[in-house]
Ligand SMILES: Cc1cc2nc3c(=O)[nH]c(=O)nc-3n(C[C@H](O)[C@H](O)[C@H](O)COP(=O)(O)O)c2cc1C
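Single chain ahead, by itself, as structure tokens, in the form predicted on its own.
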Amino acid sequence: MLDDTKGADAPLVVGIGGTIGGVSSTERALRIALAETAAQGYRTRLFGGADMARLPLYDPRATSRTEEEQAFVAAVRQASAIIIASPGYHGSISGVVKNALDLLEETARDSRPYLADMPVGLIATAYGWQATGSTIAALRSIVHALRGWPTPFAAAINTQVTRFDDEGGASDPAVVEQLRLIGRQVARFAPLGQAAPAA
């Protein structure tokens, strides 16, 4: 999903997150954060669960990339900021989110490799509190390894107590505001991470 309403000159914020098998709570949370970023004047591009399911398991020795892989890497290369949302699976991030992030090895030789100098908003959802904390910690560690800057606030959402709807809302207004805060922080710091041309 690409928000083209801002015009091609508006900076791009890419959202990465969701689960395989339909629109999940994780993807709904990500959509709320991206909507707030769009309200701040940015273009947005969402790579949800269905998009990530089409990415083959990352093979660093592959001599060619699928159209889906190329589109994902191209979007990240153009981005000024990223928002990553992952469910907590067994205490850490999901395989499809990790596989998508592994694909960023394709940018290793760019003038701006990986997520270098980009603000990155983080969202974790889990059925209980314990996995939300460890998933946020794992995401922060990965973003640091990819040379990105996690935004000051990260949203940890317990889906035992918070339900999302198809209209872009949630049962807990405080959770919606937390997600909007991530969108605003990403928008505030995005000018520091303006996209650089690939090498």
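All values reported here derive from a predicted model rather than from experimental measurement. Throughout, we count residues from 1 along the sequence that is shown.
Omitted here: the form predicted together with the named molecule. The next part is about that form.
Although the partner is absent from this view, Pro119 stays clear of the named molecule in the predicted bound form, with no non-hydrogen atom inside 4.5 angstroms. With a 4.5 Å cutoff on heavy atoms, Thr26 counts as touching the named molecule in the predicted bound form.
Among heavy atoms of Ala126, some come within 4.5 Å of the named molecule in the predicted bound form. Taking non-hydrogen atoms only, Gln178 never approaches the named molecule to within 4.5 angstroms in the predicted bound form.
Only one segment in the set 146-154, 55-63, 42-50, 126-134 has any non-hydrogen atom within 4.5 angstroms of the named molecule in the predicted bound form, and it is 126-134.
Contact residues in stretch 61-95 (any heavy atom within 4.5 Å of the named molecule, taken in the predicted bound form) are Pro87, Gly88, Tyr89, His90, Gly91.
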